[in-house]
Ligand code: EPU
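Encoded as structure tokens, the following chain is the form predicted on its own, with no partner shown.
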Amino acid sequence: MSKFIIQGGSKLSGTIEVKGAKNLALKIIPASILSSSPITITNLPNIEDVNKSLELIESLGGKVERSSNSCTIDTSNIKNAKLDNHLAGQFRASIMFTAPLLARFGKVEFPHPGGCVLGAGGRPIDLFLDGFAAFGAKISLNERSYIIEAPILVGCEFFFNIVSVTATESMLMCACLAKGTTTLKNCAMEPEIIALANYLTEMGVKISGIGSPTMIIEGITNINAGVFDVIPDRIEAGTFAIMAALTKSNIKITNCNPKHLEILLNIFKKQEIVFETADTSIEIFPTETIKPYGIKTHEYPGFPTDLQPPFTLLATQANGTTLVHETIYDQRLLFTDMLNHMGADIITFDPHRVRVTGPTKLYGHKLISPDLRAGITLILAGLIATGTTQIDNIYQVDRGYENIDQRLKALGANITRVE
């Protein structure tokens, strides 16, 4: 199993480019099933979860032609609506294949999706099942799989009891080929959802309320396909911005959209972290003293749960006490034990709240990456720690960050991948 060896303390500087958004790439790939025409996807991140998603397309009978950061998908020959149990069980985003398969073929069979295990019950899919049922689908379960059947999806009014990005996107895809009008209420409003909805609109679907809590979709019988350019990954951009602040470095982050990170940048102002923004870039300047600022994660445009782990690490270097309140996942703060092993002063109140006191000096340690966002945070911790940090199970990091070791090396980081 691969691991990272990091020698901390190197000064970083330079420019780093943000790749395409993981959380959008993993939605547009299955969305290709909605149309029998080929789709070309550009600015596609070259990461493990994308590789698995494209493998799943091929296992269904689709054809994929790929270069490093783009691909063309032809789903015209897909006849099988049963997801491969082994492939689908490896990554959480496999759940996104269920809605387009159901919408196009009237049936889908799939195992419980895999990936990071965060939240009570391993991130249950009840909200998806409730949504499918609202469209008129029948749901059954055998020993290994869910079976969803709906020869005709019928437009409906559906209220999301929990604001969910993936459930919003799934019901949006169902609605595109459903008969009649669908009204989705309490929708998530992430930029990735807006990008997907805008693309579907360009392909012929009538959608109103894009970017708001209520979307109204007029179903059509056939969806066109074209070229889809994946927007920049706002979580990656935010992670790099926090990295620059942590390492007190001058780093310019390019190919990003600062408007997607308004909450983080506003907090940077409160912390007196110096930065400048342009239309597609953020430049962070060295800040010697960082002020503490408490956060509470929330759906967009609130503070992203995916940026909470690196921000919690940043709090260990702030001059004072920070309260971090994680409202989305009840296991996302478990990684703070590893930071304490490195010398951090973090007290856990309950599964959702910790108090971080800083600044504290961190020391290299042997660690295991528990999930994607904690994994990148441990890498950042290794960059500022004294001594050597070893991080095992880096597959979790490769799932979402393209060639992260080489990109950090280009900034001056002393990081080595050991196979």
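From 1 onward, residues are counted along the sequence shown. Keep in mind that what you see is a predicted model, and the values were worked out from it rather than measured.
Keep in mind the form predicted together with this ligand is missing from the figure; the text below concerns it.
- For the candidate set G204, G226, P213, P124, a heavy atom within 4.5 Å of this ligand in the predicted complex is found for exactly one residue, namely P124.
- The contact with this ligand in the predicted complex, taken as any heavy atom within 4.5 Å, belongs to T305 out of Q331, T254, T305, T287.
- Exactly one of the stretches 51-59, 382-390, 369-377, 31-39 approaches this ligand in the predicted complex with heavy atoms within 4.5 Å, and it is 369-377.
- When contacts are judged by a 4.5 Å heavy atom cut-off, V165 counts as touching this ligand in the predicted complex.
- Residue contact check for K22: one or more of its heavy atoms lie within 4.5 Å of this ligand in the predicted complex.
- Not displayed here, this ligand is approached by F128 to within 4.5 Å at the level of heavy atoms in the predicted complex.
- With a 4.5 Å cutoff on heavy atoms, R92 counts as touching this ligand in the predicted complex.
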